[in-house]
Ligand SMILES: Nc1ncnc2c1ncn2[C@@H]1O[C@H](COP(=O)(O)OP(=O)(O)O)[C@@H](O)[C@H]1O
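Taking the form predicted alone, here's one chain by itself in structure tokens.
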């Protein structure tokens, strides 16, 4: 285990000295910034060291939620209607968009910036929440039509032949009446809050076969569009009529033993050791193919 908090020449020297056969890359931020996680993958690429997980391009791309939406929509993958509002810009809601609307930072992860005020029902609420994102996170706000239906976390494993693990659904039934049915920052991390206690994962989700198949197909298409490798998570939500839309593609989800990805694997019949071995073998195979290509010349 090599903990990396900051880039330095010592890190490069250490990697060159160790000369690992491959690296199991669990980096989620560097220098205290999540947007730099792709740099660790980039360093390993430059050093010619095989590693698990997605490449720098996919990691960087996925951090821009609006760009991901544009790519998915161009590939025919359904996403909620939305727009971005940049700092200093007055919110201009495109014709056809309807309230309520969801507001979140365009370039954050871990539900940062998502709170009890993120679902807006009026123009005044919308403008206030956009301004909050601009001031607190110093970046553009992503505004989307709020989908008032079921929410699913869909874990994908594999590279060339990806497999969808058991689909997980978030049960919002116990949330207080005045709380929006969303996975906010507190719902994800504040274990003492009712938001955390009453956003309960149900895995596997109870789904009709046709809907399950559609969700799985959308998850694989979405992860492939963004260029995810080895493992990923695709978050989806239904509207009031049951139509499915992609909220986010995460090429670097938490795969620790107690996280949702591991839960989905267990529900699909895999042990934790099974998924770690599968991810590791894929990275080593990729490294062997690169080495064979180099030596061919």
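Computed from a prediction, not measured in an experiment: that's the story for all the values here. Residue numbers count along the first chain shown, from 1.
Same protein, other form: the form predicted in complex with the named molecule, not shown, and the subject of what follows.
By the criterion of a heavy atom within 4.5 Å, residue 151 is counted among the residues contacting the named molecule in the predicted complex. Proximity of residue 111 to the named molecule in the predicted complex falls within the 4.5 Å heavy atom cutoff. In the predicted complex, the named molecule lies within 4.5 Å of some heavy atom of residue 102.
Using a 4.5 Å cutoff between non-hydrogen atoms, residue 248 counts as a contact of the named molecule in the predicted complex. None of 209-217, 157-165, 179-187, 122-130 except one has non-hydrogen atoms within 4.5 angstroms of the named molecule in the predicted complex; the exception is 179-187. For the residues 205, 147, 195, 77, the 4.5 Å heavy atom test against the named molecule in the predicted complex is passed only by 147.
In the predicted complex, 235 is the single residue of 197-235 with at least one heavy atom within 4.5 Å of the named molecule.
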